[in-house]
Structure formats: C-alpha cells, structure tokens
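First, one chain by itself in structure tokens, the form predicted alone.
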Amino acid sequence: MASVMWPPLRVGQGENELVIRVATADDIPTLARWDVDPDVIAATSDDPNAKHAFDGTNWPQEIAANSDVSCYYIVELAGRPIAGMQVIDPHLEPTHYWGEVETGLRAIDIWIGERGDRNGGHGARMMNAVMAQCFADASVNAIIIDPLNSNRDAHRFYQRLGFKVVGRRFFEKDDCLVHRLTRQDWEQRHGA
C-alpha cells in the first residue's frame, strides 16, 4: 500500500517558499483557530448557523490519527503557517467518507486559514505540489475533490487546475460538486 504521508514538500525559494509538512500536535491551536474563521466556514458549509468549518472535528484526535491512509498537512509560507490540507486514500481511510470507491484514488481537501494569504496564488502552488506527489505514486489513477455545489470560486479554481466535473453528490448534509483529475489529464497538462 502506498502512503499519503510524505516528507516535507518545498515549493519555491526565499520569501515565497512554501513548505508542506505533516501536521503535528503543535499545530492544533492554529487548526482550531482556522476552524472558526468565517471565510473557511463559508467555504465548507452551506449552514448559515455553522460555528465551525469542520463541525465535530476533534483536532487532537485527527492529528494523532495521521497515517498512511489519511494525513493532515500544514502549509507554511516562509516559516509561517497559512493553510491546511488533508490527503486521503478514499478506498482505505477508516471513515469511508467517500463510500465505496475504486482503488488508485487520492482525495484532497485544502483551506487557506490566513485571510491575508487568500487569493495570492498559494492555493494553486500547494495543489500542484501535492497533485505531483500523488501522481508520483504509479498506483494512483485519479484525484477527487468535493467542493460545495454553492462554492463557484472553488469550482473555477479546481477546473483551472485540470479537474473535470463528475456531478453533484450529497455527503451527509453537504451538497457538493465532485470533480476528478485523471492521471492522463495531469500528464497531458504537465508534459509527462
């Protein structure tokens, strides 16, 4: 089984360097702060009364459970945490959030927690680095994502990265628009 837990990824240099590293217990206060950010909540929930982006998430348990099938990452810009990511093997991860899916997939969640770092190109850099890492594993055939159906900005963002719409799907109470990026589409875009 190939792992979704990787050594730190470095993107860029100097003041613009992003480091994508496995989240640790030291990151829990930052994750908890981002969890109550109104913009992060709006990107993850259509519930106007939601108080948390990731309702019911116990960050100490989630971080302690990082594994080869589900791993949270912190993204740092020049040493300062700006974003979180989660990468899972949706076929094997224990919650079966994605239901019954085929092998050879990865699913990615991304959120930029720091308001001043949004809309600065960091999300695309983060996603491209993590997508490259996913496809470096020859067993990975595609990456899937599930932005809210109402989050048109996210749809445009992912489609610019090459993801194609699969269709609407409800994950519990969340109305999502599932997207997929195949290895073939990735390789065509990146000349592999």
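In this text, residue numbers run from 1 along the sequence as written. Note that the structure is predicted; figures quoted are calculated from it, not measured.
One more form of this protein, predicted together with a small molecule, exists but is not displayed; see below.
Heavy atoms within 4.5 Å of the small molecule in the model of the complex are found in exactly one of 60 to 68, 162 to 170, 135 to 143, 121 to 129, that being 121 to 129. Using a 4.5 Å cutoff between non-hydrogen atoms, Trp111 counts as a contact of the small molecule in the model of the complex.
Within this chain, Leu31 is remote from the site of the small molecule in the model of the complex, having no heavy atom within 4.5 Å. The small molecule is not shown here, but in the model of the complex it comes within 4.5 Å of a heavy atom of Asn151. By the criterion of a heavy atom within 4.5 Å, Asp39 is counted among the residues contacting the small molecule in the model of the complex.
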